[in-house]
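Take a look at this single chain, the form predicted on its own, given in structure tokens.
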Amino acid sequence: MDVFDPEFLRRMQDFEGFWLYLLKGALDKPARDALGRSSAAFVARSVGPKVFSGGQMTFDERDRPAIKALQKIGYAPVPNVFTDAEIEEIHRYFQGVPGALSGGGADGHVLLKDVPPNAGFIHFHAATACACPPIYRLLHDERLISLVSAYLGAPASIGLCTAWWSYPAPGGAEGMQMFHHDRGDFRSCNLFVYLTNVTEGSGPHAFVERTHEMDVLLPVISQRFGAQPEIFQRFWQWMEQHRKTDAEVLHLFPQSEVKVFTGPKGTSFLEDTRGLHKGTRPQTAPRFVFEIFFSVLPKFNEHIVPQRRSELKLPAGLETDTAKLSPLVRYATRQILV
């Protein structure tokens, strides 16, 4: 980095560094959320006329309840996005591709059959996941993209698609198994899909309702702690901590406000992960999950090399000619597929 270069702080990489500095801790939640709304307004004005039919954002009216639920409480169950047959196909696909090990001192890339007993996770990254036929189809689902775009207030961008197994492993919760809030963008929404049956013992996802958006959270906390100024102030300081224990969360939020997602394989839900959430540590059985991360702006904190559709080995019936995609779908998938 040559700070004496006349172009320093004018180049894209310098701007990205500044943007990540703001995203990862320089701004508090009110400022982050305000910047998210401004980002959405800018992208909607800049991109909307080019990707929406007639220039106006539209969505399927059947999805209005999901959009309202996201706005009100931060999550929304949606109809299963994969059939049982597609889930079986996904399992077969991931049996044959290597994933990245983590947790329990494990590392490296291995096939599922070679995962060591001490591993906590095996992750499959976007370049691998997007070549799985049912996942490829879902990434191009215009109804889903339109739903998420309506919630974000701007054409959505897919910055990540991934799948991972979480395993019962010795030790306490770590990383994403502790309550936290994501900072992948100033305005975002995630789709989660269970690819195995998930019970209380197999690591269900948990989310603290109404913690996603400042305009929603502030009235709740004002009513709860507004008459106790010291506690009220400490709460907002605590909210800026990235990781939080179960005891801390349940001291401030009743169990009735913590949604725990259990259900059979195929269970699908949208969530604004700017709210407090975690993947509970499995105790009795492993859990297999798929995720799509939607945002307003490109995902700056990961370097993603888009895959060429024409080079993927996909079955007939899946559109691989980028020029034939709708403008909204082409825009949404541009970071991972070209």
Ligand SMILES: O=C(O)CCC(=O)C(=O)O
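What you are looking at is a predicted structure, and each value in this text was computed from that prediction instead of being measured. The numbering used is simple: start at 1 and walk along the sequence shown.
Another form, the form predicted together with the ligand, is not on view; read the next lines as being about it.
In summary, the region of this chain contacting the ligand in the model of the complex, judged by heavy atoms within 4.5 Å and restricted to 278 to 286, 43 to 51, 302 to 310, 57 to 65, corresponds to 278 to 286. Contact check for H140: no non-hydrogen atom falls within 4.5 Å of the ligand in the model of the complex. Heavy atoms of F82 never reach within 4.5 Å of the ligand in the model of the complex, leaving it off the interface. The closest non-hydrogen atom of I231 lies beyond 4.5 Å of the ligand in the model of the complex. For A100, no non-hydrogen atom is located within 4.5 Å of the ligand in the model of the complex, even though that partner is not displayed. For the residues V216, M239, M176, A127, the 4.5 Å heavy atom test against the ligand in the model of the complex is passed only by M176. Checking E89, E257, D182, D246 against the ligand in the model of the complex, a heavy atom within 4.5 Å turns up for just one residue: D182.
Residues H180, D182, N190, F192, H205 of 177 to 212 are found to place at least one heavy atom within 4.5 Å of the ligand in the model of the complex.
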